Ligand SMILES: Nc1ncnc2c1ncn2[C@@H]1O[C@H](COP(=O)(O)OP(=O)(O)O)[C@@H](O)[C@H]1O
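Just the one chain here, the form predicted alone, laid out as structure tokens.
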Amino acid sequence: MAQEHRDTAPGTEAHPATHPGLPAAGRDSGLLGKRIAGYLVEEEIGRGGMAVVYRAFDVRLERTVALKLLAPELARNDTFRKRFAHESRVAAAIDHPHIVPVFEAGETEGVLYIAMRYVPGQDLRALLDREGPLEPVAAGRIAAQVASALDAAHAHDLVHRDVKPGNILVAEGTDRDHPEHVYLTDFGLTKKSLSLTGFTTVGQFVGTLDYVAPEQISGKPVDGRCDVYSLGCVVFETLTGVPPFRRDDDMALLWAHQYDPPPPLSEERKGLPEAADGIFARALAKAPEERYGTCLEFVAELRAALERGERTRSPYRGGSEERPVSPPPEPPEWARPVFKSLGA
């Protein structure tokens, strides 16, 4: 299956966008069949306002890669180029099974590029659009893999800042116990780098509106706890089919992230345990210090609550529902005189 990358550059929406320095969406870019820095461009597989992603063939090592080309003016900004080089090295150094490996990052003919592992499958956005809310067990498995990736990045002082379904790739797993293998992508171009270049303006921020943390909106310093918030929004959507905050316009949505309490999970989807409501309230707390300290801590508590809820709802598993009691069978013919003497 061809990879359905929805890999977007920071600060872009998930839908296709155009940029003066990039080929127009939906058109032949003129790069297909061309060789760029040792990679033979084969097919466009995703785009955002500041980057286009292609499936390409690594001529030197004879493997397929995902090749991201950044908008040309980014390469002309010295601040961005330096941070891009540094943070690409940091991202490439993270060896984690749930982070898309970065093979190479560099510059060729005035264009910055990143070569990453090509992951066959689809992203979580496409999965949710097709299937709707996931079963709690599946949602928990996916959340745990993303949380592990984020915590590994945070251990390297790398904050993602744009955790969203489009940046979570879902590939085929290895067996029945691991039906999917999840990768987190879009570490190669960090959002802090973009904001320092002047390519964001007053009143704008990097991140996707449905999942952006309050401190990102207000321009305050961020750390790994902003990813805890975004992951909480994503997991909420995997369980209910909708993000926690939905408003008629962008300004109302930004206000909700900053000031409105999240809706109870158990009210958005019947059958989910009320214990999960408090877990999401903490993950989506407005103040970072009131959230979970790590992504795995949040997901571990949530999965435990979901599993307890499953046991409570399911009969014959020690939950609140008792096994139906069937009437005893009639005694055999030869035993009836005995039961009769006992007054039965």
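All values reported here derive from a predicted model rather than from experimental measurement. The first residue of the shown sequence is 1; numbering continues from there.
Below, we refer to the form predicted together with this ligand, which is not included among the displayed structures.
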Please classify the binding site as open or blocked after superposing this ligand from its position in the model of the complex; blocked means at least 3 ligand atoms come within 2.4 Å of backbone or C-beta atoms of this form. blocked
Given 78-86, 160-168, 264-272, 146-154, the stretch touching this ligand in the model of the complex at heavy atoms within 4.5 Å is 160-168
Among Val182, Leu112, Met116, Leu239, which has any heavy atom within 4.5 Å of this ligand in the model of the complex? Met116
Among Cys226, Val100, Leu74, Ala91, just one has a heavy atom within 4.5 Å of this ligand in the model of the complex, namely Val100
Gly232, Glu301 and Leu306: each with a heavy atom within 4.5 Å of this ligand in the model of the complex? no
In the model of the complex, Ala37 touching this ligand (heavy atom, 4.5 Å): no
is_contact(Ile45, this ligand) in the model of the complex, heavy atom dist at most 4.5 Å: yes
Check Ala276 for me: does it contact this ligand in the model of the complex (non-hydrogen atoms, 4.5 angstroms)? no
Please tell me whether any heavy atom belonging to Leu284 falls inside 4.5 Å of a heavy atom of this ligand, as the geometry stands in the model of the complex. no
Counting only heavy atoms, which residues in 50-67 are within 4.5 Å of this ligand in the model of the complex? Ala51, Val53, Ala66
